[in-house]
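One chain comes next, on its own, written out as structure tokens in the form predicted alone.
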Amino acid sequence: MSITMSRGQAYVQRLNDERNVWLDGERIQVTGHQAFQGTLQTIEGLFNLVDDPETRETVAYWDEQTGSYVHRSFLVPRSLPDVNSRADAFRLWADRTYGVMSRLSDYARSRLTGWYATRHEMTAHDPAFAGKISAYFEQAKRNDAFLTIVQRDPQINRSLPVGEDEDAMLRIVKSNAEGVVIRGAKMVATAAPYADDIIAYPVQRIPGHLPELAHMVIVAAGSPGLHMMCRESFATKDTDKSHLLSAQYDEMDAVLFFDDVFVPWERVLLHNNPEAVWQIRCNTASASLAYHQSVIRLHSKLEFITAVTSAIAKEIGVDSFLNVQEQLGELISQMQTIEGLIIAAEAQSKPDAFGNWLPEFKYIETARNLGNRYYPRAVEILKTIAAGGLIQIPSGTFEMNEKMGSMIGKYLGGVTMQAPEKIRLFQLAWELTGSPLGARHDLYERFYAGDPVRNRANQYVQYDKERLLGKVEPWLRRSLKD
């Protein structure tokens, strides 16, 4: 009698391959290592939501091509209801992980969906692109693939022009009838150690005289020669007791070393084509669909940190102080601003030239550019309100001898909470503010979308300034006698 595995179990089982994942100086097996247990259990549970009758219609849709339910991040939106249904799926995953897992596969899948939906606009740059990405898109849907994307080059000497550090940049070093061989490195590959496939391409414009650097490839995570060097894990042995967020939601980051990795031609979407790669980088559909997911996740995260901060203010009896109320009001304003921008982006969705309905990107871009300031500010407010309470959290468990237990109960309780519950609350706050996980998320929210200065400047450069100047011109034509 055969036993059918759940989607989540099938996903975890796929990770038992020959991938080269390095942690603490050792090559490790992802599925058997403590550092990945909680994260994989979380993702397994999210994948299984497609099989759960109570959540299936929210997170998935019936796909005729595969003859199965497929996560809505693969849905090409052809109407406003499609846009809204994709948002519902994003929100379910984000709320289940409190916005703390920033690179769940729905982001990269949405990137892929955008490229697939506008594949024919690449015909002028590479006639083979449409066929290749169509074939991979169908394969990824059918396999329920966990995807991640890596774009950035190692920080060796950022003062050099693009391409001057050529030896470090991922490049094609040889090719034959079967495919290409790539060599170099990429950072920061969030979720790569437990992904099925990694989509790699450069984020910056490649000079025309360096075509070997201008490629877009899909690399299987278990490819020979691909090495994933992980940062230290935040999920240590005791995290399941005192660091619950780290135990369940530590999405590992890694640097990828490509030591002559072979990629078959069907997975070489673009090669030796700087202009085509730049067009992929600037693809509006891909950006709109993927960052739609990102700002929904951001909203869940801001909602969570607002909840934690409000609970602490109440439990230490400061929620009636005017200065504290002002700070809590600021958190609510942040949360509601992002929510309003999401609503506007969805409400003003419209079809592109290919009939794809896309969220209005100007609102998504605004939410993204606000987020890299909002989240660090939210952390600052939580630190300010919790103050010294964040560094008086007892280490270890609370089950001590009777004398210590009575003193903990007497001195570490709150307005409404008993000591154990209040300690848990402050542990949660410490995870968001002072732990390695919290520090990582502060950095992530600042820089995940690229250079925040350049992003805001681009928003100005691309804005229709003539419309604004039109409001000023009538005043300039008035005489001083008017």
Ligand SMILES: Cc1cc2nc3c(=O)[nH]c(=O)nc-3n(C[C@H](O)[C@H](O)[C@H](O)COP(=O)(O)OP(=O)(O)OC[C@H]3O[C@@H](n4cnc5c(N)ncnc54)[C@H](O)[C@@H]3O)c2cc1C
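Model, not experiment: these values are computed from the prediction. A residue's number is simply how far along the shown sequence it sits, counting from 1.
Form predicted together with the named molecule: not shown, discussed below.
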- Using heavy atoms only and a 4.5 Å cut-off, decide whether all three of R103, R158 and A189 touch the named molecule in the predicted bound form. yes
- Taking 4.5 Å between heavy atoms as the contact cutoff, choose which of R424, R56, R456, R440 touches the named molecule in the predicted bound form. R440
- Item | Proximity to the named molecule in the predicted bound form, single hit among E365, D253, D144, E346 (heavy atom within 4.5 Å) | D253
- How about G434: is it within 4.5 Å of the named molecule in the predicted bound form, going by heavy atoms? no
- Message: I'd like to know if S85 sits close to the named molecule in the predicted bound form, meaning any non-hydrogen atom pair within 4.5 angstroms.
- Response: no
- Task: Mark G450 yes when one of its heavy atoms lies within 4.5 Å of a heavy atom of the named molecule in the predicted bound form, and no otherwise.
- Result: yes
- Mark R152 yes when one of its heavy atoms lies within 4.5 Å of a heavy atom of the named molecule in the predicted bound form, and no otherwise. yes
- Note on the structure: Assert contact_stretch over 350-358, 181-189, 218-226, 387-395 against the named molecule in the predicted bound form, heavy atom within 4.5 Å, equals 181-189
